[in-house]
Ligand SMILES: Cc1ncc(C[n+]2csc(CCOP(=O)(O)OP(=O)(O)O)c2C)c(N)n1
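Below you will find one chain, with nothing else, as structure tokens; this is the form predicted alone, and questions on how it binds or moves follow later.
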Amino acid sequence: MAIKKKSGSKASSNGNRTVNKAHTNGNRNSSLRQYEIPDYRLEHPNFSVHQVRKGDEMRYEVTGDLDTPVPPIRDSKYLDKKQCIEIYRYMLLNRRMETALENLYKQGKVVGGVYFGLGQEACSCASAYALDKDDWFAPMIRNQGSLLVRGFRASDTMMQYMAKAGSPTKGRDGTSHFGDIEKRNMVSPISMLGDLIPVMSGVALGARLQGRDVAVLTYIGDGGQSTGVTYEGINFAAVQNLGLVLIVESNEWAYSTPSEMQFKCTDLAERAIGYGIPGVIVDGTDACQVYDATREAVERAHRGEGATMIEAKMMRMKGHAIHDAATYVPKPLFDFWKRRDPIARFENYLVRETKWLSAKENADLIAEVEKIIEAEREIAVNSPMPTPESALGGVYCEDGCHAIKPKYGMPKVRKGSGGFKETEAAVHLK
């Protein structure tokens, strides 16, 4: 894991704006509430997507200014040269791995579908990079870059999609439903959107009972952010001051529904106001912004100061899955975000702006990544399919198959002085 630079600087904001000011009578701390949502972006896109009908056809159109220049990368307050290049390398690995997976799918070697995070590599990789070794994370299905940062190999993900015997689930699953709670502090993704949030809040609570304040990071999309379990999980973390770091990947579309038809508020980070926790907005295609916001949220968690919501604005550049051509997305919208490709932007930052990489060093790095991915692809392709009889194992917990022990020590509990008192409800149930 990365070694972080020491810095005494406090978080700054680009164009902080007051979201809401209101007098209240029931406030616990003051008669005046003031809420601010820091916005670290260097641009604020001005366009909207709306539904139009032409005859019997219904489609989406985008209006607004789509020709604005691409903003520069914001310099990180914490990352040094070596760390930026490491994040860039993980982003390249992420992109090349998904390209290899797409080719394997087209060759008929993938069982089921493939879910891409094209355009979201900066968000996945930089956020995971901001965690300390003892912190926990739970990726969503598109956060495959975060797996690479935390030590999984590209062949692990490829074999998983191919349901190979060498995959983390030994061929029992065809997507990313696997974790590692022993070495990498990773909780397996859950397909029901939002359910990871209360689970990770529980992980933070369990660590606290064992005497540790850790950060627990997970993600949710703009569509999944509206689910009931999302609200319940965030609220529990907020009330208990648990170190939940929730990254809302505001990627313009919930499957085929644009943001304008999902929620009324301008920014999803504003929903943090209702929970009484900090909300932050970042450009999800800027790795430095994502890292800085996540690191500061992680440090809050380590200090026992509770949860943080980070809204990362970007665009999912593929459909919901490989079978979805995303023809419902207006082409000008794709063109706008393609110019803001997170890898191209970071490459320009490292090669031309900071000159931390020469053109040759960058070419060598790309060639090294492609060589690694080709080797990982060969491992995945040559891994055998699971034997039929292996399906019988691992269904039920067998004696000695795994011991569930406290991670950091025995939970701290209060010892009561009185004896057990049978309640009226217990007597009634008898």
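Just so it is clear, the structure is predicted and the values come from calculations on it, not from any experiment. Just count from 1 along the sequence shown to find any residue number.
The form predicted together with this ligand exists for this protein as well; it is not shown, and the discussion that follows is about that form.
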For this chain shown on its own, do 109, 156 and 382 all sit within 4.5 Å of this ligand in the predicted bound form, going by heavy atoms?
no
Segment assignment from 218 to 226, 121 to 129, 281 to 289, 69 to 77: heavy atom within 4.5 Å of this ligand in the predicted bound form
218 to 226
This ligand: the contacting residue among 359, 265, 325, 192 in the predicted bound form [heavy atom, 4.5 Å]
192
In the predicted bound form, the residue from 295, 142, 164, 313 with a non-hydrogen atom within 4.5 Å of this ligand is 142
Contact with this ligand in the predicted bound form for residue 255, defined as at least one heavy atom pair within 4.5 Å: yes or no?
yes
Is there a heavy atom of residue 251 no more than 4.5 Å from a heavy atom of this ligand in the predicted bound form?
yes
Could you tell me if residue 208 has a non-hydrogen atom within 4.5 Å of this ligand in the predicted bound form?
no
Can you check whether residue 320 is within 4.5 Å of this ligand in the predicted bound form, heavy atom basis?
yes
